[in-house]
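Next come structure tokens for two forms of one protein chain, structure 1 first, structure 2 second.
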Structure 1
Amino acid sequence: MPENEEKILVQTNVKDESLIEIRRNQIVSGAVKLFREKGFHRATTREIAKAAGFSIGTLYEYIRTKEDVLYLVSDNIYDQVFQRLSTISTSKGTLEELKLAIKQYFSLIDSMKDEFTIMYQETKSLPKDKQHYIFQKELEMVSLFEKIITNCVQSGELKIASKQEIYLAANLLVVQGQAWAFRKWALQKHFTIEEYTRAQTKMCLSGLLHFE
């Protein structure tokens, strides 16, 4: 995971790191379902504990506030994106590497569409320091695609004149992937995630290959 922004630690009374990870994954999983059903503001910490499968007392051993839970949901998204994209070799700067990165990213969004939707709807509910962290993670996600596109430019696979244009192209790729989470209710009437990925990849690469 990129080291540009130091992770904000959520306070816990537990010392066992492996147990913290297990319990927080349970909290995130339960909270996502609850937030989708009731909304972040209407859900209570007691309901979050129940959805996670343990008592309110146990919940407070791993978090301090409901906002901590929302932060964990958001941070987990970026950890998953960075882990998924870090497995792709981009050293050759080929279009095939870019296509694979798009496929991996879109696939992850499909598997975490509820998490993405909740994060973008409710980030404003986080304290300012956690908002800043989430925004920075978003920029780092864009930078992953910037790097891949830059490698394609350097190898001659793409011809994009400026860093500004590369930055814009990377942002557009990130946004088009996220659109699947926000607009799946409409898009799934016409596309599977595989069809949507192929169509978006074709459109994005067509634009990049004819960029002037």
Structure 2
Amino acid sequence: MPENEEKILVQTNVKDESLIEIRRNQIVSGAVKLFREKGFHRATTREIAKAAGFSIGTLYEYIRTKEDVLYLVSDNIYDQVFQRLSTISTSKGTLEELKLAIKQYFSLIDSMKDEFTIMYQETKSLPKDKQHYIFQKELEMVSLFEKIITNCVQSGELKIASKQEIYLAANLLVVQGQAWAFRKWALQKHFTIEEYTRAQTKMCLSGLLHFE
């Protein structure tokens, strides 16, 4: 996963790098639960600190503003996403590869439902620079699917012609995956994640296959 974007650093007073990582992980995992329950705005910094397992003072040793917590959460999500997607092969140019990618991506989202839902609803609460950083990450995910689909086109397994259409198809897959999280009230009553994955794969592949 090419990451040519510089990470935006969050100010800290603490020097010990490894401690920073430990504490920020505590912050993130506490915050995810909290934001999921009450949303970013209704969660107080005191609650965030408590959920992380330490005092408000300590929280602020590792961040500078409450928004930093949201950013830390978002950034952490993408770190995990790209780590887990890094095992996906993207160069074979076979439909099997595409199906596998969809499957892995959908299962990833299922296991990070809370995180994705937060991101969908709260990204707008980030300051502009951090928002852009998140959008970049989203586009990287789109790129992943673009690449796989493009390879399938080049190998003749798919017939979509224009780059635009490939871009659209990639976006569709990314969005439909995330819909599993942000639209769970509509979907999770009717499907298990496996059913959802299977049905979406079938529908999308038919679309791509017979595209003309």
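In this text, rigid core is short for the largest set of C-alphas that superpose within 1.5 Å between two forms. Counting starts at 1 with the first residue of structure 1 and goes up one by one along its sequence. A quick note: this is a predicted structure, and the numbers were derived from the prediction, not measured.
Remark: structure 1 matches the stated condition (the form predicted on its own).
A199 is not among the residues whose C-alpha shifts by 2 Å or more between structure 1 and structure 2 once the rigid core is aligned; its shift stays under 2 Å. Comparing between structure 1 and structure 2 on a rigid core frame, one finds that I20 has its C-alpha moved by 2.5 Å.
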